[in-house]
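One chain follows as structure tokens, the form predicted on its own.
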């Protein structure tokens, strides 16, 4: 496994790999890696010749400075985990290597996508994601990029970026990886106590309940029931919504028949903000 801190050196290395005819796969991360990230790397390795993982805590996507300060950083553990799981290249840049003079601010028209759910509760979040992923794509020029379904709305934003600027990059989406109790794997889980992790598992339990009710109850009633169940476990609820994943519009305002639907939520547990989603309809 090779580690690069300079994007110039990384680009030179990847250019030499491409000249050999190798395809490049890319997994962007903010570090604090777990088995969810490894599932993305596994998918990447299965689809390309050279896997690249970036580790960079993007300050532009945090609208809360305290949240940024608390975000876990554990580079040595991350590198060890990547070595054990067949990562070929790690891009671990200093802040200025990403945010220096070469960064190009772009405008991406997301329509209403950045006005609902995460966009509503985290103003500027998706613009920050777009700027850094654009920068990383421009540096790495991957053939394939892999993201996790847990960040469902972010994936939709990335697909907009891909269509507008990187039509030759194939964006793959890996299923959410969960703990045995159903809690979606997240770097933020490291900030929870054991009892907090048990409480947070109520989110997935409520999703399973929602799926059993989906065909018989209106979306508004399901949302009320899920919200009540989550709050009963001592969690603060920012939002619960049932949406069409193509438009992210609330199904309370549309016909849910013959339509794919996801339930999405953001909750606060022990001061830690967690997001999750789950498909309520059969594929």
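No experiment lies behind these values; they were computed from the predicted model shown. Residue numbers count along the first chain shown, from 1.
There is another form of the same protein, the form predicted together with a small molecule; it is not shown, and what comes next is about it.
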The single option of 183, 117, 133, 90 touching the small molecule in the predicted complex, heavy atom within 4.5 Å: 133
Among the candidates 30, 68, 237, 217, the residue which, in the predicted complex, approaches the small molecule to within 4.5 Å (heavy atoms): 30
Partner proximity in the predicted complex: residue 139 to the small molecule, non-hydrogen atom cutoff 4.5 Å: no
In the predicted complex, residue 154 touching the small molecule (heavy atom, 4.5 Å): yes
is_contact(residue 98, the small molecule) in the predicted complex, heavy atom dist at most 4.5 Å: no
4.5 Å heavy atom contact, residue 61 and the small molecule in the predicted complex: yes
Listed range touching the small molecule, judged in the predicted complex by heavy atoms within 4.5 Å, from 203-211, 174-182, 79-87, 144-152: 144-152
